[in-house]
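The chain below stands alone and is given as structure tokens, in the form predicted on its own.
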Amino acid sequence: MSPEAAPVAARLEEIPANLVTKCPSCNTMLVTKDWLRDLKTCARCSHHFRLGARERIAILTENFEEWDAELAPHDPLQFPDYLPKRSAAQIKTGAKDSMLSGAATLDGRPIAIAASDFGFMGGSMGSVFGEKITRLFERALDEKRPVLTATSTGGARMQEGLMSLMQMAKTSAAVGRLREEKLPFISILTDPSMAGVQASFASLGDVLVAEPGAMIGFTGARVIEQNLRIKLPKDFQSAEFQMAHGQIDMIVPRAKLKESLAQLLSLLLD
């Protein structure tokens, strides 16, 4: 290194590693404190970064109280490497499973809310995920609370086999019981909302609200194209495509989501 370059290199090393955050969509370098202020969205292209479950609930609600925090997944099939992956995900997220649920208020109104965390094994739905969602709906019925769910998931957890897949029917039945009592259910679809979760309770909300750019669907585009030997539109699983084809009701930017949900609940309940 030349003598002239040494002071520059030394100054660069002094810059904190977390000072800036790179947008994966437009490659803009964002000042991290501004990015956090903007709720982890890109100020240039409006890309919505993924949020953890607790982050999601924190920006949407007040006074959150977790339900069923003691539930944790086991290894019913003794699936290879499942326990180490589960343990790594628990350490990474600080959660026992990919689903967080509980009671909260939204603009002062009591609600029941759940959010999945993509950082925990892709937000996958196993037996604990399904049990917590089912209990959420059942307790909401008992306490006469409207329900909000926010999904960020790749679908069912293959390591639990049929015990995971049965959660699709189980959670859908719980939605049906809520609907019989005419309690509102708003489903928030964030990136990604896919496969078994989207094919069950997540698509059954009275109102389906998506974040901009969220990937929404059942099977991935590559699998569809390989099996059906067709060429799909590039953005066919985007929230915008789904909205244009009548599959969701609203697309709401993250900064306006809490306000929009409060308005929806007021319309549905008052």
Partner chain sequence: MLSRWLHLEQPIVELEEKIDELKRFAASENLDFSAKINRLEEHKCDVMRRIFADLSPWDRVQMARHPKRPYSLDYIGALCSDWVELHGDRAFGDDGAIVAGFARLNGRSVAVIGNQKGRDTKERQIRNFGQPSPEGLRKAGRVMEMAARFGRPIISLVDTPGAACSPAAEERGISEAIAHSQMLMSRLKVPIIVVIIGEGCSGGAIATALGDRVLMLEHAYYSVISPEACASILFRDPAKAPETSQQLKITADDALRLGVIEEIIPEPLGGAHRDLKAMSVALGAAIEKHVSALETLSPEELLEGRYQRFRKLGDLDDPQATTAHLNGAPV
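No experiment lies behind these values; they were computed from the predicted model shown. Numbering follows the first chain given and starts at 1.
We do not show the form predicted in complex with its partner chain, though everything after this point is about it.
Of the heavy atoms in Val31, none are within 4.5 Å of its partner chain in the predicted complex.
Interface membership of Thr93, defined by any non-hydrogen atom within 4.5 Å of its partner chain in the predicted complex, is ruled out. In the predicted complex, its partner chain lies farther than 4.5 Å from every heavy atom of Pro110. Proximity of Ser124 to its partner chain in the predicted complex falls outside the 4.5 Å heavy atom cutoff. Interface residue among Ala43, Leu232, Ile59, Leu36 relative to its partner chain in the predicted complex, by the heavy atom within 4.5 Å criterion: Leu232. For the candidate spot formed by Val20, Phe64 and Ala88, no residue has a non-hydrogen atom within 4.5 angstroms of its partner chain in the predicted complex.
Taking its partner chain as positioned in the predicted complex, the residues of 165-189 that bring a heavy atom within 4.5 Å of it are, in sequence order, Leu165, Met166, Gln167, Met168, Ala169, Lys170, Ser172, Ala173, Ala174, Val175, Gly176, Arg177, Leu178, Arg179, Glu180, Glu181, Lys182, Leu183, Pro184.
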